[in-house]
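Next up: a single chain in structure tokens, the form predicted on its own.
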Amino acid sequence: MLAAVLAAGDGEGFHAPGIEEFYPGALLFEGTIFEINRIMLVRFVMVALLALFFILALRRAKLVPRGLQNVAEYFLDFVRLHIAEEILGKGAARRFLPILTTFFFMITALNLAGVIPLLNIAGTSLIGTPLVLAIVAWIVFNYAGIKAQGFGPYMKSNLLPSGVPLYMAPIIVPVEFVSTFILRPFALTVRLLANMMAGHLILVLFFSATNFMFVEAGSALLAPVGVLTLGAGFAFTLFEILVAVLQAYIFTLLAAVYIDLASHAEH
């Protein structure tokens, strides 16, 4: 009976969200390299809001922080103490703290767009941004390794670890090359992208179902189900906020780990 009601309403029934959610139409400059769609607009908005947050928080910085300054300094200290210094040590942390801080705050802001009304989609839910961030992390950790060891020793320590006999080189070198230079940026990209795509689809599913149950189906029988989907959507929204920050933390932490590994010959 429930299936029959779901197929009723406007005659078309309920349609679950699909991959087309991530390919919205152009808003500006359609057909050019400067084309702006909804996801690009979300990215611009969140970067602007992030910049505004720090301008307001730190424009009149005081020795004893209060309000927005306190929030900004708390998260800045979190990245410094619990990611940069914990993984890299105080000396190296100073060098790489700017890029690690940028990773954390930018990813957090873009992820949180998925739960902000009127935006409702994460700026990281399409591969472009996660891929660019992963490539930047790849450049940084390779730069750190080459600067610390020199190009030759760096490549040797990554492709043929100490203690591995030369006759194993034809097997070990390709495996280590793929693991270090391909899988690391690939894993950074896919982990971030997949989590934010999945979160968006689940949120859209819950709230689309709620709208259908209350508005489109035209059946009182579905109202209790609508209450359930609304409650589930609200609960998952809170969970998605946690995931947004957690994914920023994991990406930044892994970038710091890769920098640390690259900077030392033995790993």
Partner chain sequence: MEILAAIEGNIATVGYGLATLGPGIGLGILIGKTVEGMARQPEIAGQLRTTMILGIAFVEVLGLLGLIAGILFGGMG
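Positions refer to the first chain, counted from 1. Note that the structure is a prediction, hence the values are computed from the model and not measured.
Absent from the display: the form predicted together with its partner chain. The rest refers to it.
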With the partner absent here, would I87, N195 and L254 each sit within 4.5 Å of its partner chain in the predicted complex, counting heavy atoms only?
-> yes
Can you check 133 to 141, 182 to 190, 105 to 113, 169 to 177 and let me know which stretch has heavy atoms within 4.5 Å of its partner chain in the predicted complex?
-> 182 to 190
Taking its partner chain in the predicted complex as the reference, which of A57, L230, L201, L41 has a non-hydrogen atom within 4.5 Å?
-> L201
Tell me, yes or no, whether P24 is in contact with its partner chain in the predicted complex, where a contact means a heavy atom of each within 4.5 Å.
-> no
Exercise: V245 in contact with its partner chain in the predicted complex, heavy atom 4.5 Å | no
